[in-house]
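This document opens with one chain alone, in structure tokens, the form predicted on its own.
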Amino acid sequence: MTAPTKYPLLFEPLDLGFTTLRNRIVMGSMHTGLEDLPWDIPKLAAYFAARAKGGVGLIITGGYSPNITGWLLPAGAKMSSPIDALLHRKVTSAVHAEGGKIAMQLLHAGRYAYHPLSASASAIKAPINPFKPRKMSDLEIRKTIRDFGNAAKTAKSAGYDGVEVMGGEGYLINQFLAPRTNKRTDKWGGSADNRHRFPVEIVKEIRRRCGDDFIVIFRLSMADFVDEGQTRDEIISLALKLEAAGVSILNTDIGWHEARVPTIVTSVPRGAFTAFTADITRAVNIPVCAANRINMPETAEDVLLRGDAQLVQIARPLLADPEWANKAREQRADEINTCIGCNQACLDHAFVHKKVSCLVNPRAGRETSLVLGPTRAAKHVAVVGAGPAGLSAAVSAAECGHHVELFEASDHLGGQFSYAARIPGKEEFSETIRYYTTMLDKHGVTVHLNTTARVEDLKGRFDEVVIATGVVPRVPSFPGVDHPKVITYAQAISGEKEVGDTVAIMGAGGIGFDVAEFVTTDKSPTLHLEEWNAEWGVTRDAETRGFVTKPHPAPSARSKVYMLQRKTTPQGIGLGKTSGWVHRASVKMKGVEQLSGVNYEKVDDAGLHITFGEDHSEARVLDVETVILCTGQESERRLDEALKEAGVTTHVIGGADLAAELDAKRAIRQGTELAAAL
């Protein structure tokens, strides 16, 4: 197959000596929740097969423990017995049938294990886990090394083409490598050579048990981003030892789970950490794989072109679009359903032990149950509203073969996503609008912009009418709500109303935090990498352990910003598991004054009057130029009500169905499920 001219390096085969990868695209490990139960194996096989069919060169599974001590959860995924191997033949056979290769990740959780059997290099509790691990004995360390070897051999018998040893992210092997968690004074701790002994012996044992014709990947922590982490010289030294021990590929891992540096959220610049990977690439003679925030082929090709790595790993982007590789190879990148780094249906699910899917692709992980097949009877479908729910319904229905017309009252597509894309750090959300715009055209959807659909436009003309008219900002009732100082979040973000230099934000939910970032951040383009590193305290200094230093955030774009809520609970407590802490930290870094347990009394020329305290007897006037309402939303259902009065049956989805805190995950899922059911 001739490599396409647009991404020639990305689709160049990689010869490992005993086997060849068809391209340089690696599907990275991600726990889906389908690994732990035997009856989910067919779903897991279908999930991986879809990505193999989509053209990736190598797939790496979610993490499987080599023994019960290393379980992430009680009775979690493991690979240690012939029964495990027998079950997994369904997975490997499905991938091989689509021309792909697959490796099993072997992961021992160490002190991140969420059960009382946890063990680590030293008895030091993780700040994100209630269980304190016991210190592993020399005998247990040696047994664990043998267990890794046994797990790899079992995986090979199951048909896996290789294994990846998880040596990063703060899991057990990483705990042995970093002084932060390894306080031992025996041959497994102290000096760097001693701390390196455990992973090197694991690789030697795997190579001894599995032979030379087996892919052995080591996922190396190239920047721990925690105090008392590893230095650059220590990491390079370990990389050279792993190469000598028989590793086939070194994969990039960035940051521990307890690190206070964002590594995966949408505000992280694309390819932010490839310089750390490049350090290793220059030091070793085996292929190195770059990772983290590489979500489009242009970024991937640039990484290879610079020589930062020989492979690129994408994980969440293949949740978003299993055809990512084929679309890039066929120069259809504009059709890629881009991962926007929101984490709402993937990592946020994984960390609360729910099945993983994808906000922009709810079919991810549901390949056997949510199928958009060709319809036997094409219908004429009207979709009213071009926000996430309407776009999802329109594109999915058209993909099934229905004739779809989309009505949108404004002059653009996107709905609430259009606002989100204007928030600093959420620019990626515009990629979803680009994707839907492309697919509307590809599938022949008739789009009516600047068109307010009326009952007479819909009644009798369509077989199905979908109401996706979304939400409008909720305007609470209090004295002065109509004062010129008061504007809605939509008016602020869209630029319809000017925002002053001093601001009070009413509401501290997701929208409140977005607005806080919007008004405190200079409206210049997305932060350059150097500025982002300074903001979060990331250093490239080779001698600084963990590559973390004191953050130096840019000052707020406004002289004073308040964020207020009626509730007395901590602000932002309901934000996403993996991204909420980033938003809370960002607002704090910008000096936003956060007030909870307040009552809004009135707005007048003096500003926003509030009371607080148990009986609201304490009063304060916030002298601000602008008060921004982030006080919830209300469903826009007027058309649905009128249609029902006219006897027209409708399907109501998205914000029009439920105006809770904006939920694009639910909206896109409802649109897809409705299309599948038509």
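One rule holds for the numbers: they count along the sequence shown, beginning at 1. Please read all numbers here as calculations on a predicted model, not as lab measurements.
Separately, the form predicted together with a small molecule exists; it is not shown, and the next lines address it.
- The small molecule is not drawn, but in the predicted complex it has no heavy atom within 4.5 Å of Pro42.
- Under a 4.5 angstroms non-hydrogen atom cutoff, the small molecule in the predicted complex has Asp514 among its neighbouring residues.
- Contact check for Gly509: a non-hydrogen atom falls within 4.5 Å of the small molecule in the predicted complex.
- Though the partner is left out of this view, Val26 does not reach within 4.5 Å of the small molecule in the predicted complex, counting heavy atoms only.
- Of the candidate stretches 64-72, 605-613, 42-50, 623-631, only 623-631 has residues whose heavy atoms lie within 4.5 Å of the small molecule in the predicted complex.
- The contact residue chosen from Pro570, Pro484, Pro476, Gly495 relative to the small molecule in the predicted complex is Pro476, the criterion being a non-hydrogen atom within 4.5 angstroms.
- The contact residue chosen from Gln310, Thr520, Ser118, Gln344 relative to the small molecule in the predicted complex is Gln344, the criterion being a non-hydrogen atom within 4.5 angstroms.
- Judged against the small molecule in the predicted complex with a 4.5 angstroms heavy atom cut-off, the residues His96, Phe148 and Glu205 are out of contact without exception.
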